[in-house]
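Encoded as structure tokens, the following chain is the form predicted alone, with no partner shown.
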């Protein structure tokens, strides 16, 4: 059987009884008379004509795609961010191209190059390297949290500094006398670094000597966290700290498991507050893994999308910080169960 050829713009023009240029205008959103537009739309529907979006994008320098680069889809925080970015882009009729770099700089650059070659309308990047120097100022780029060396990439992030202060103050409010801080951090500068600054600020204000586990992200937390906790054991079996502010919920969860294996009760003996606000099974209506400083992921995603789609990028702020909030997740004193901790 001979394969039937797909309808072309010429077929649509012939069916509608209009000029080829009129069909092109309708497809590309250029105003024409209502009568002509209705004829073209009816012909498109009748012939089941499908617009070659990619080819049209090459011609008009717009593909209606935005590239999102994240480390991976396994971390619930990254997957939640991707979900909300896609949702907001779709509302604007734009498709999201998802790239997972696994934190490999070469892979991030490859994805970036691909996005540029395919004329992506913009790039939202949560990266571990300075890809900003590979991007022309003419390509819309928004960085989530990461600081680039170029001076034209706007940054969107949570208020990590105030989040660090809030977490540490909450631990003190709930009865902790000496909270510790743990993190596994990227060597590249980002807003996330300010969580430690917030912790140190509160320690200084209350004249508390800091206790810190500060490791690079490539080091194994399953090994380093137990070593850190065991190193803080006193001869009487107690710990030098009575609370933990963890740079992420994941590491706070690992700390909780380690403490429980050593016979400590959470939150009775040690209280823990993480950072991110990761919910079990992904839904915001579900409980947290640990008490946490929650990032406003839907709002962060919307802000990134709004910036990518902004018509006048010269008016965008260099840094946009969104507020965070504390949420009980079972690893701190329960304000509902103990009214003295309720505010």
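All figures in this text were calculated on a predicted structure; none of them were measured in a lab. Positions refer to the first chain, counted from 1.
In what follows, reference is made to the form predicted together with another copy of the chain, a form of this protein that is not presented.
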| item | value |
| --- | --- |
| Another copy of the chain in the model of the complex: contacting segment from 205-213, 104-112, 160-168, 139-147, heavy atom within 4.5 Å | 104-112 |
| 4.5 Å heavy atom contact, residue 176 to another copy of the chain in the model of the complex | no |
| Touches another copy of the chain in the model of the complex: residue 250 (any heavy atom, 4.5 Å) | yes |
| Residue 229, heavy atom within 4.5 angstroms of another copy of the chain in the model of the complex | no |
| Contact of residue 98 with another copy of the chain in the model of the complex (heavy atom, 4.5 Å) | yes |
| Contact residue in the model of the complex, chosen from 86, 130, 224, 269 - any heavy atom within 4.5 Å of another copy of the chain | 86 |
| Residues of stretch 161-180 in contact with another copy of the chain in the model of the complex (4.5 Å, non-hydrogen atom) | none |
